[in-house]
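Coming up is one lone chain in structure tokens, specifically the form predicted alone.
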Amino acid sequence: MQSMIKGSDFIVRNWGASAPGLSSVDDWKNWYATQRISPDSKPPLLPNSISKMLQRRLSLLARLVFHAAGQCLDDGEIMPVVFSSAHGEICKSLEMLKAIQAGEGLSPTAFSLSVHNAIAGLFSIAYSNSREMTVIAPGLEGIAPAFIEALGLLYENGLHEKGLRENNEVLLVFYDEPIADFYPVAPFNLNAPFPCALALKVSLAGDGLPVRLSRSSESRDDGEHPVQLLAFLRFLLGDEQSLTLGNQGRGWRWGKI
């Protein structure tokens, strides 16, 4: 389907998702049908193009991000990227806090890999990507801010005097993992049921799944980013033509065109 769209419409050119034991489209279709994941599943393997030295620095969550994003990118392909996560590497931050409490010293490397944009930095190194990168911690706004940021980049980079530039794409990457019991999760459903990353290659023109993003006036309580991430995955996998998510009176609707 070749199309060119305007406003808050965009095209999902390709997508990839990753969780322990879920690495292919067929895996995710089975998850969609059963809503089950094996608790002892292993993380996915990464391509040899990512050095072993760098792979050793990657947490489970980072490996999932790299695997999901890699499903959307051709060899050597670079583009602007929007990363979105409620908590980032918060589990690493908690481990450092425990070390401080125990009177232990902190490694500068460990600290640098615990900040919210750590995975984005490692990604830029692994893929030699020097394009724009944005890292969002959206809170109650859920997954919508990342789409808004991506659309802004598409229009900023893609418009010229004759219309839309060809081959103008943005990679959207959503990721989260279960957080420790140390952190309260009520009443916002902060926790993810399992570590998960979802990557979307989006554009304003080309082949793929056309989607329309619009505001919704519905009063909703759909939980925060980790819960909404999986809701959008179900939307991609299922036959539903629309998905509405929101919190505290702020809602957004995604519709397949």
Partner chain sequence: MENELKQLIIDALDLEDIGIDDIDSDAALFNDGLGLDSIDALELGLAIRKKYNVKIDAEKEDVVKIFSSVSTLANYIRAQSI
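Numbering follows the first chain given and starts at 1. Note that the structure is predicted; figures quoted are calculated from it, not measured.
Below, we turn to the form predicted together with its partner chain, even though it does not appear here.
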Query raised in the report: How about M53: is it within 4.5 Å of its partner chain in the predicted complex, going by heavy atoms?
Result: yes
Query raised in the report: So, in the predicted complex, is R57 in contact with its partner chain at a 4.5 angstroms heavy atom limit?
Result: yes
Report task. State yes or no: in the predicted complex, is some non-hydrogen atom of T109 no more than 4.5 angstroms from a non-hydrogen atom of its partner chain? Result -> yes
Report summary line: Which of 66-74, 25-33, 193-201, 45-53 lies within 4.5 Å of its partner chain in the predicted complex, heavy atoms considered? The stretch 45-53
